[in-house]
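To begin, one chain is listed below as C-alpha cells, in the form predicted alone.
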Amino acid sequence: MYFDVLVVGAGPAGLAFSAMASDMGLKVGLFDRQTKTALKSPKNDGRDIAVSEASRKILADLGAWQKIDKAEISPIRAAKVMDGDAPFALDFNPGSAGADKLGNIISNHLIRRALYAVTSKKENVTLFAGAEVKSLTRDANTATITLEDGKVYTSQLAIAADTRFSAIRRDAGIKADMHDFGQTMIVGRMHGTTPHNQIAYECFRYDGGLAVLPLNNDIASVVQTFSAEEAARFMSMNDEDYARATEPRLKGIMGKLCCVSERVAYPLVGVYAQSFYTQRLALIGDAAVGMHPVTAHGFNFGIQGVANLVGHLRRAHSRGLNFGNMDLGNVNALKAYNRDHRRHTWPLYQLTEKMMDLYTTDTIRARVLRKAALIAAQGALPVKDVLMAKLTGIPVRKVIASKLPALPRLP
C-alpha cells in the first residue's frame, strides 16, 4: 500500500506531524504499537508539561488547544531558580517582557488526547494501531516499512517519532549522543497549605534536584531527582511519609503538603541525534532531541521542530507541484530542517548537559561555581531575557529594548 508519508510513533510529535501533513493534502500512514483505545484515551503518566506561547499557538492552529479543558490549563506567572540553601534566586518575571505569563502547564496525557482527537478526524491519515514495525528500508526513490505481520507500505518519506530510544534511528545508522545523568526523577502532584501564586521553582539542592510546577487550586506537580538507590527509598514511602520527607526539601515554599496523585519514577537520559535526517528519513520529537526536564523545553522543541519540518516540506511540495516534480524526500528540505532544528536546540541541550553535571557535583568548588553562575545570569540581561522571550513568544528585540533606558527627546 502506498502513502505519501509514513510516520512511526503516535506520540505528540507523530500525531502533530500527521495532522499538519494531512492539511497539506498528503496521504499519511501512522503506525504505533499501542492499541487504538490506549491512543484515544491515554493514561495519566504523571508528567506535566510546561507549554511555551509558541507551542501553544501551534497547538491552537491545529485545533488541539481548544480541546483541552480550560480548568486543566495552569498559567506560570513567574519562575525562580535557586541553588542549595542560598537565599538568592534567579527571577524570571514575564511582566518585564510585556507578558502576563511565561507559559502554561498541562498534563501530558491531556495533550496527547487532544492531538489524537484532532488527527483521528483527518481524512488523509490512516492509523495502524497495535502495529509492530519490523524494518524500514530506503532507496533513492522510496521508503518502505514492513510490519511484523508481513504487510508492506511504501512512501516518498518516512518520519521517525518513536521515542528517544528510537529503533528507526538506530537501524538507519544515525548515531546519537546519549547522556545518562545517573539520576531518577519522581513526579507526583501535591497540595500545599501555602499558596504558590502560580510561581514555578527550580531548586538545585545538594541532595538532588527539585522543581515545583504550579497548577490550579494550590496544587503543584512536584518533581524530585535522586540517585536510583535514594529514589527507590522515596518511592517505597507511603503518601504521608513522602509528604513529610518532601516538606523540608521545599523549605516551606508550599507549607504543609499532602499527596493528591500517584507517584511515577523515570530514569533521566538525554539524547541528541548527530543528524536529524538521512536518505528518505527525518527524525522528530524525542527521536531527534530528548531533553533533561530541568529546562522544560523537551515538548516545546518537539512540537516546534515538527512545525519547522512541515514548513520546509510544504515549500518543497509546492515547488514540486508547480514544476511537475513533486518529491517529499527532497534533500534540500531535509537539510534545511536539520540546520534550523540544530540551531534552535543545540545550544540549550549543551548548556543543560553542562549545567546538570555542575549541579549534581557536590564539591566546594562546584557550590561556588553554581552560585556564581546564578548571580552572573541574573546580571546578564540579554541571556535571561532571550530565554524569557522564547517562553512568552515576544520578539527578542522587543524584550531587550524594553530594558534599555529611554533616549532623551531632541528639542
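So that there is no doubt, residue numbering starts at 1 and follows the sequence shown. What you are looking at is a predicted structure, and each value in this text was computed from that prediction instead of being measured.
Another form exists, predicted in complex with a small molecule; not displayed. Remarks below refer to it.
Peer 1: Can you tell me if Pro293 lies within 4.5 angstroms of the small molecule in the model of the complex, counting non-hydrogen atoms only?
Peer 2: Yes, Pro293 is a contact residue.
Peer 1: Pro214 versus the small molecule, in the model of the complex: is there a non-hydrogen atom within 4.5 Å?
Peer 2: No.
Peer 1: Counting only non-hydrogen atoms and a 4.5 angstroms cut-off, does Asp241 reach the small molecule in the model of the complex?
Peer 2: Output for Asp241 is no: heavy atoms all beyond 4.5 Å of the small molecule.
Peer 1: Can you work out whether Tyr266 and the small molecule are in contact in the model of the complex, taking contact to mean some heavy atom pair no more than 4.5 Å apart?
Peer 2: Yes, contact at 4.5 Å.
Peer 1: Taking the small molecule in the model of the complex as the reference, which of Arg280, His297, His341, His317 has a non-hydrogen atom within 4.5 Å?
Peer 2: Only one option qualifies, and that one is His297.
Peer 1: Among the candidate residues Thr137, Ser120, Thr163, Thr154, which is the single one with a non-hydrogen atom no more than 4.5 Å from the small molecule in the model of the complex?
Peer 2: Checking each option against the small molecule in the model of the complex, the one that comes within 4.5 Å is Thr163.
Peer 1: Among 248-256, 233-241, 332-340, 179-187, which stretch sits within 4.5 Å of the small molecule in the model of the complex, heavy atoms only?
Peer 2: Contact criterion met by 179-187 only.
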